[in-house]
Structures are given as C-alpha cells and as structure tokens.
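Only one chain is given next, in structure tokens, and it is the form predicted alone.
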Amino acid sequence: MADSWTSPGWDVHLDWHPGTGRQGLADALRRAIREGRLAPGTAVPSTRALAKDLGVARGTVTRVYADLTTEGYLRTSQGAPTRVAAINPATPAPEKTGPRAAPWVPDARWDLYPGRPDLSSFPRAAWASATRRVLQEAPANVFDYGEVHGSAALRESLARYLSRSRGVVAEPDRIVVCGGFSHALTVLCHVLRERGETSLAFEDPSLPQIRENASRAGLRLAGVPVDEAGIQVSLVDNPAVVVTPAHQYPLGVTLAPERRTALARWATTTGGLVIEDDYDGEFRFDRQPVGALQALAPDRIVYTGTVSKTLAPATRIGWLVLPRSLVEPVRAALTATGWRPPTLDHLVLADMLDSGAYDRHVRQRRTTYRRRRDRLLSLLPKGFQPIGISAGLHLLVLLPPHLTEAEVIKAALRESVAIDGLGRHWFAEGEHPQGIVLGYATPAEHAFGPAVEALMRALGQFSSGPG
C-alpha cells in the first residue's frame, strides 16, 4: 500500500511503497514535485520528522534529500528549512541522471558511458573549506596574473604527492600545470612539431578523442598493437609514443614488468619520448598500486596526470612532469597560446593535497568504485567476459561470439542506458573482438542500482542467466 505523509498544515500523498527503499522514496518525492503536489518554495519536513513519519532510518531521508538537492529538486540554505526548488510543474523534468555530458555520449536516462567519475561525489565541503583557508591566508599578489606553468605552491604540493603516491621523480621545477590531459597533450604535440617531429604513436586500441588532439596539431598518427601484456614495444617505430601503462584504455591490461623495462630502454637508447598517461592510477583494487613508468627513465618519459577522474573534469587541472630538456620549450609553448592558469583553484588543490583531504577523498572513492565493480561483475550474464578488472573506473566486457556491439548497444538504448563500444577505439576497421565499455563510476550513487538493473535487462535478452 502506498504511503502519505502528514506535516503541520498540509498532507501530501507520496505514492511510496516501503518495500522500494531509498530509491523508491526519492522517486516518489520527484513525482510529487514534478506533478505540483509539492509546490516551489514549500518547506519539506526535517529529516528527523519525515523519518519518524515514514518509519525509516533518518540516514535514508538525509541521503534522499542530498540526492534531490544535487538534482535540483530541493534547495538548502544554512539555518533555514529545506525547500522545493522552483521548477515548472507543468513541464515534467526528464528522468535522467544529469545533462548530456558530451556530443559523443548517447542521450539516455541511465549513464554507464566511461570517462567520468561520479560527479555528485565531488568533495564540496572539503573544497569549500580549502577555499576559505586560501582566501583568508593568501597574500594579495595571488590575485594577479599567475605563473604560466602553474602556481609554485601547487607544483611543490604535487611533487610531494606524486613522489609519495605514484613513485614519480617530480621536482617542482620540472612540473608544468595545464588545463587537463587534452590541453597537456596538445601543448606537447606543438613542441614535438617545433622539434621537427612529424608522427606520434598511440596504443591500438586507444581513445579516439585523444588521438584527434594530436592529429589537429599536425602530427601523423600510428597505432601500436596491445596484447595481454600491454603495448608491444618491439613494434614502436616512431619518435614518440603515448601509453597508459597502469591501466590500458580501453582494454584494462597492465603493462607487464618486462615491457616496462623494454619501453624505458627503447626511449633511452633511441632518444625516443614516452608520454605516460596515468589517467586513473589511484584506483587500483586487487593489489598494490603499480608505480609510474616515469621513474625508470625520468629524462625520456613525460608523466601526465589530472584530477578529472578523482575530483571532476570541471576543475580543468592536469600536469606534466617533464624531462629537463622539455621544461623551457613547454613553458614557451604555453606562453605563446596566451594561457593563464586559474591560480586560486591551484591553491585550493594544493591545500587539499597538503591537508590530506584529497587522499581521504580518493580512498573513499576507491572503496565505492570497487563495490560498484564487484556488483557489476556479479550480475553479468553467462557468456559476457569481463577483462581488465583490477583497477580503474571502467570495465571492458567481451561479447559472446554470436553478438555484435551494435546489437548490444541498441538493446541498451532501448532500456535508456548509455554505454560505449570497443569498436570505435581501434585504428582501423576489420576483424576485432566485439566488446562494450562500461563506466561504472559515472552514475550518481542513487542512480547506480537502477542503471545496472536496466543494463542487465538489456543483456539478459542474449543470455540464459548470470555468469
């Protein structure tokens, strides 16, 4: 039987069944707001009062209110009641986890497309606390045009953090802070062009959007095959190569120790350049983190990282740890573009790194994402083979022999689930394994369960049961 709640002065029918739990309660409140039964500006009961009325844990209501606030259904103000936000009841809000992220992401209710963390997990309180400290303590000159290669405070904090957490050889004067990995790679490509290089190698398969950055910079692209041990180093025949050694994207394999040694030796003996993309190195689940490749040849390997996967893409903060010979050319390339970094955001991140707030957030997200990965693995139907499961924010699932990516992606979209296919990541069309790439970190916490359930309904059409 559906429940109502009674609050001082008015009654509201929630159309909520206790058996549906937290997700059902959130859905019932959304419907009440969209349908106008809870008008804009209406004060909702306190979490304690509603929990008592409905006979549920207060923590359940607190999490529902937090989710609906993030989604824009409720608004909060310190010292005031939580109220219904001003949405138009006559125009029902789409039942989606958020706005479309990018042109290449299908428009669907449930987002399991890889490439982003759970945006609702952004550590707002820690970021706000760090911002307050920066504004209270920073001298006035931080409001001036900052150093083109990033604030000294952040470069010093990053040097300590990267050395401690990833084993990177990272003196502050070798670090250049950029606007994310795409920005960093674009700058590097222009430096390569200035040096007379004409080509750049990538792993095959790899992320097409990243390859396009190099192509737009005027470099010819080459693909180097990847197997279960990582990139096949003996096939690298270019002056520079981009690799993802800790967790290859999208296959998920880790570069084997002998291949790591071989790649560092190749760079040292040939004068080649390795660009290491450590895009999700903090998220290793089943064994100790794999240290950065860069430490094997710091003067031939560029280390790149960002907070796009740990915090959020909107921060637009990434970094390059450069061989000494590239520090001045990269700084000059940044200056030529007119780039000016967001110094205040740099200081906030530096504060979080130094205070331990960043580490605490990463540990919390690592626990959550591992739990999500485990749940997804436990539900995959027979015949769907997961690989690259030891780390990261995505899962590659190889399909049964009789299925194609197009069939599975189409079935998922019928359930309004956005997923990616493996096919677009290869350099050339042809006979390749059929697979789907699932971003299990992407949904907000309240949306993960329903998103996975919808995906399993789609996959269930092709299999007799869980594997």
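When you see a residue number, it is the position in the sequence shown, counting from 1. Keep in mind that what you see is a predicted model, and the values were worked out from it rather than measured.
Just so you know, the form predicted in complex with a small molecule exists too; it's not on screen, but the next bit is about it.
Visitor: Considering Y369, F384, Y73, Y249, which brings a non-hydrogen atom within 4.5 Å of the small molecule in the predicted bound form?
Guide: Of the listed residues, the single hit is Y249.
Visitor: Find the only residue in G180, P298, P123, G388 having a heavy atom within 4.5 Å of the small molecule in the predicted bound form.
Guide: Selected residue: G180.
Visitor: May I ask you to state whether R373 is within 4.5 Å of the small molecule in the predicted bound form, using heavy atom distances?
Guide: Judged by the heavy-atom cut-off of 4.5 Å, R373 is well away from the small molecule in the predicted bound form.
Visitor: Does T310 reach the small molecule in the predicted bound form, with heavy atoms at most 4.5 Å apart?
Guide: It does not: once the small molecule is placed as it appears in the predicted bound form, T310 has no heavy atom within 4.5 Å of it.
Visitor: Does the small molecule come within 4.5 Å of any heavy atom of Y113 in the predicted bound form?
Guide: So Y113 does not count as contacting the small molecule.
Visitor: Taking heavy atoms and a 4.5 Å cut-off, does C189 contact the small molecule in the predicted bound form?
Guide: Taking the distances in the predicted bound form, the answer for C189 is no, it never comes within 4.5 Å of the small molecule.
Visitor: Taking a heavy atom within 4.5 Å as contact, would all three of I210, T306 and R316 count as contacting the small molecule in the predicted bound form?
Guide: Yes, the whole candidate spot contacts the small molecule.
Visitor: Okay, which stretch from 144-152, 358-366, 169-177, 275-283 lines the small molecule in the predicted bound form, with non-hydrogen atoms inside 4.5 Å?
Guide: Heavy atoms within 4.5 Å of the small molecule in the predicted bound form occur in 275-283.
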